[in-house]
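Just one chain follows, in the form predicted alone, and it is written as structure tokens.
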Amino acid sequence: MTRVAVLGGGNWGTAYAAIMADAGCTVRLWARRQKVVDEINTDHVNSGYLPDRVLPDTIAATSSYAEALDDAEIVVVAVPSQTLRDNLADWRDLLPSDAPVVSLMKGIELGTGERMSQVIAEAGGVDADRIVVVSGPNLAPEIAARQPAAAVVAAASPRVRAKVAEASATAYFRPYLGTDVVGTEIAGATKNVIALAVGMASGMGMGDNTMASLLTRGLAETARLGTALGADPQTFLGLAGVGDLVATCASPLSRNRTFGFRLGQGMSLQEVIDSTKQTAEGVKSCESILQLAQSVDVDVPIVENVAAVVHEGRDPKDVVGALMSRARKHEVN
């Protein structure tokens, strides 16, 4: 059986660990909190994140990343994007020299504007050919319930992406192979910000026309940014693009949509953080995505307005007026 290390015991890390265990892998899951480790090892549950999911007994948890990484044939990284660089400082010397390193993270690093694969290569000393990005419409609670879903396994190396896809294929989870790492990562990061905007609109009582308009124009600005950075435009029409965008913008299971919904209802940023006990990825990444877009002279008005709400205190109600009053243009631009 393939030996897998999963670094991160949150929603998606735990769900993906279960996928790989169901696919026949032996999984060691690293979690920072000993309480999570003990619960997984004793009761085979992670009640803080996926309370209704009994985990396969081929998952063993540990609070030692050295133990998790020891002799791993595949390494899966599922930590918050803005903590990745600091974590890699601890992990770098322990990462197996020939194992694929899989990124489940969907963000752009603050300050550097780097995608997660770039941070892994730079801070982790991992050759780019060994880095894999997995992305798609993968809401963790539905995956945990073994509901059918698909994802893109994107990597430069055919051998590496095939190895990870094989280790992730189950009766309920279908991996598709992809080569466009840039587009897959840009789509995954930006859709979180678009979901915040959709959530805000819904929280203000707006309906499906507004959601569809934000989703469609959000996809347009995501594609503009991605292609400016060298992505394949077709990526944004697939699972990592429109697929993930629809799931994240439409589902009440989406943390980003839920966070935006509460902002739209009039709660402050801090009130939402306090009530949810966690920050949605789009809240932390919207500023870095905006800066990245500005660096390549790409217009991203939805991202720009969400960043203004989150970081400048703009009233979500003002976002609607700002977007609706923009200069008229051809739709395809």
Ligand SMILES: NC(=O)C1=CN([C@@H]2O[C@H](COP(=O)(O)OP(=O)(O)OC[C@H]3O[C@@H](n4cnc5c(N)ncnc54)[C@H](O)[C@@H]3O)[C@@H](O)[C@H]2O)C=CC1
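Note that the structure is a prediction, hence the values are computed from the model and not measured. Note that residue numbering begins at 1 and tracks the sequence as displayed.
Just so you know, the form predicted in complex with the ligand exists too; it's not on screen, but the next bit is about it.
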Among 262-270, 299-307, 54-62, 28-36, which stretch has residues whose heavy atoms lie within 4.5 Å of the ligand in the predicted complex?
-> 28-36
Option touching the ligand, based on a heavy atom within 4.5 Å in the predicted complex, out of A144, L225, A78, V75 | A78
Candidate from A231, L95, L139, A149 lying within 4.5 Å of the ligand in the predicted complex - any heavy atom | L139
With the partner left out of view, is A187 within 4.5 angstroms of the ligand in the predicted complex by any non-hydrogen atom?
-> no
Would T235 count as a contact of the ligand in the predicted complex, using a 4.5 angstroms cut-off between non-hydrogen atoms?
-> no
Distance check, R115 to the ligand in the predicted complex, heavy atom within 4.5 Å | no
Classify T216 as contacting or not contacting the ligand in the predicted complex by the rule of any non-hydrogen atom within 4.5 angstroms, answering yes or no.
-> no
What residues in 94-114 sit within 4.5 Å of the ligand in the predicted complex, counting heavy atoms only?
-> L104, M105, K106
